[in-house]
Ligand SMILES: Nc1ncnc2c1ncn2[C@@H]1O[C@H](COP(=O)(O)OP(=O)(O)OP(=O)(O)O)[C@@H](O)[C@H]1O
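Take a look at this single chain in structure tokens; it is the form predicted alone.
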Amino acid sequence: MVSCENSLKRSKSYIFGFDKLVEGGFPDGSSILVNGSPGAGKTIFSLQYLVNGAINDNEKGIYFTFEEKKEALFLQAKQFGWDLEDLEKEGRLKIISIGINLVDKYSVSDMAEIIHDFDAKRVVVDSITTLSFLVDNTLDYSSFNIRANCLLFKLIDRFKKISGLNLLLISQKDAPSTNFAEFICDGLLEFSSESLGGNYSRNLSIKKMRNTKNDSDLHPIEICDEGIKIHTFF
């Protein structure tokens, strides 16, 4: 069992069961890798973190997505009662969908400028797996990996210079940049799912969290009408 006593300022997720696993929330200024298999709950968890921050703490959030169209995220969020369009109109949230044809128009510096101008405190990048679209894929595997890792390092380093920003980086399991991201990020959340007789069993383990006595056990995930719930054993 972990203690919730910690002098660090923390960013609460307000996700059922999660914050008590990380002493009350993410340490401010953290970069967190949200890694796992498709359908395990990574996107829902990350959206919920942004929405809860906007509603409960009046903290502005940005969701950069290279994989989903904006309208698709709006529809997904409505399943859980989250109106992303209203939050955008209120100036508490931005959803920025960057298609492959727009990648060249959004450099790391451009994204950092958007974050700064919006005064965002919570940012999600979905996903670093799509870093492959930002480098020359005609390179050999070794050179490609080096270029992708350099870009990832530049992104995290640049974003961490923005005071008080908490960054979630979504990654598909076993993607080329995942091992490097695990090394340089402050925290690592592992989402997993497996099919059991037509149903899915989903779990979360917290592999590491900077300046935190995190609970690293495997915890069942429930996806319900309100979003994700993390079931704990204490």
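Counting begins at 1, following the sequence as shown. As the structure is a prediction and not an experimental result, all values here were calculated from the model.
This next part talks about the form predicted together with the named molecule, which is not shown.
Not one of Gly29, Arg158 and Phe180 places a heavy atom within 4.5 Å of the named molecule in the predicted complex.
Put simply, Ser109 is far from the named molecule in the predicted complex: not one heavy atom of it is within 4.5 Å. Contact check for Leu33: every heavy atom lies farther than 4.5 Å from the named molecule in the predicted complex. Contact annotation for Ser37: at least one heavy atom lies within 4.5 Å of the named molecule in the predicted complex. At the 4.5 Å threshold, heavy atoms of Phe80 reach the named molecule in the predicted complex. Checked against the named molecule in the predicted complex, the candidates Asn149, Thr130, Gln76, Ser97 yield a single residue with a heavy atom inside 4.5 Å, and that residue is Gln76. A heavy atom within 4.5 Å of the named molecule in the predicted complex is found for one listed residue only; from Glu59, Glu67, Glu190, Asp186, this is Glu67. Here the chain stands by itself, but in the predicted complex one stretch of 38-46, 51-59, 203-211, 161-169, 38-46, has heavy atoms within 4.5 Å of the named molecule.
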